[in-house]
Structure formats: C-alpha cells, structure tokens
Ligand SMILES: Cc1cc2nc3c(=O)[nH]c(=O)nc-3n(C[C@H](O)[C@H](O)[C@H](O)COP(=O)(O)OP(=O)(O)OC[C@H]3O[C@@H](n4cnc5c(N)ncnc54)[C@H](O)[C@@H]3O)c2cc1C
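Shown below, as structure tokens, is a lone chain in the form predicted alone; questions about how it binds or moves come after it.
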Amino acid sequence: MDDIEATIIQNKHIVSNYYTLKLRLSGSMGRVLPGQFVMLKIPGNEVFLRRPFSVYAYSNNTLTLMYRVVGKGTEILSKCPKNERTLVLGPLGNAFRIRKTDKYIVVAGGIGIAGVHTLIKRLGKKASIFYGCTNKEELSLINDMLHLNPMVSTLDGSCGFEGNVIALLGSYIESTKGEDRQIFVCGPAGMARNLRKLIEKDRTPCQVLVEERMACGLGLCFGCVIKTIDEKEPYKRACKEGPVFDLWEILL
C-alpha cells in the first residue's frame, strides 16, 4: 500500500449532490477487495486532512469513487476540473468475507451504494439487491445495476416501495424464511440498527460496512473507533479493524 500520484480524468455530477470521480493513477494499487477504501487528498491547500472514500471501482490503474457533497472537502472536490492532480493512499481496511451459502443479500442506503458496489459486481446475479433512497431521481446512482433487478424503496414513494428499505427487506425475509443466507449492508447507522432488529431472532450472518470520520486511515489517530462486544478491547478502529464488521459484534 503506497501513496500514489493521481490525475482526475472525470468529475461527473450524477444527481442532486452526488458525483463520481475517476482518477488515473501513476501506479498500481495492487489487489483491491470489496469493502476497502482509500484516503484522498483534496486538491489545493484549503483542506489539510484527507477524506476517506470507498472504492467504487478499480481496474487498470483507474480508480472510481462515488461521493456526496457534505462539507468543505467534498464541496471543493466537486469543483475540481479534469487534469487536476492529487494523491491517493490505498487500498485500506479489511473487506467483506463471502462464505458459501444459498442466498446473498446486499442492502444499501443512499451513498452507501458506493461501499457495496464492488461487492455487487463480484456477486452479480447471485445477490438480491435492496436499495433505499429519498426519491426516484436518486435511482441514477444504480443505473449500472438495473439489469440485476434491484428491489427499491423511496421515502417519498416516487418509485418502488414507499418507505425505508428495511421495511421492504422485511417482507422479502418473511417470504423466503428458512433459506440459508448472508447479508451485507452499508448505509446510515439507523438503517443498520433497524436491520439488526429485523434479523435478531434468527441471527442471520451479516456484515456491515461502517462509515466513520477519520483523520489518518492508518489506525494511528484513533479518530474512528466504534464500540464492540469485545470485553478486553471493546473499541475498534474503523480504518484498521474495519471498515467491515460482523453486525453481531458491534454496538450500534
């Protein structure tokens, strides 16, 4: 894992405050696994700390990130033009662990789709995809997955199921009761908490990609710790021991 020089080759607005950023790297990042992330230097001198982004796609030294504008760093990033140069550190963190089972379920909410995009590409039609977003316009974030027939919920009811994605998933789980399955999830903490309640009775194997603020991405600053059930060392670093955790081992 090295710090790699990178050049922006595309910074594309998708919808609302969502963008994809495509970077040509000066060297290889090596093998990138589903769930891993990078620390990106925001071009210019206004932002000192790097920002973590899940790897949306990576191939032939070309890295793609999907991001949502939420603060100063991503606001500056959204205005960066083609050919702007920057630095990328990665790949970082652990990855989703896929076990052999009858059914894979991938659940994502909003920008959480970026965290499971490479996983969905890996699983393909083996996975049932559940995606929750605010409205129909945000379905633009999953345009390249429509052939996989994702099950969609929108909070405003403008497309698919009206309501949150966990309610939609609940109906599916009930109708497929008894199947051996593994669930992967990335999205808001509230969504993960609701999922936990939904499957608590059966303790379905489930991994969650947590998204925490972090300063270094290397496990040095302890700025991204989350609490787990580990009695001896309850606090784990999202950047080092994560970002993928067993849902049943963390406290949400």
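Owing to the predicted nature of the structure, the values given are computational and were not obtained by experimental measurement. Residue indices: 1-based, along the sequence shown.
Below, we turn to the form predicted together with the named molecule, even though it does not appear here.
Stretch 69-77 is the contacting one of 69-77, 131-139, 173-181, 155-163, since its residues have non-hydrogen atoms within 4.5 Å of the named molecule in the predicted bound form. Contact between Ile111 and the named molecule in the predicted bound form is found at the 4.5 Å heavy atom cutoff. Although the partner is absent here, Arg193 lies well away from the named molecule in the predicted bound form, with no heavy atom inside 4.5 Å. Although the partner is absent from this view, Leu198 stays clear of the named molecule in the predicted bound form, with no non-hydrogen atom inside 4.5 angstroms. Of the heavy atoms in Arg213, some are within 4.5 Å of the named molecule in the predicted bound form. Here the marked residues Pro34, Tyr104 and Arg122 all miss the named molecule in the predicted bound form; none has a heavy atom within 4.5 angstroms.
Shown here without the named molecule, the chain has only Pro243 in 218-252 lying with a heavy atom within 4.5 Å of that partner in the predicted bound form.
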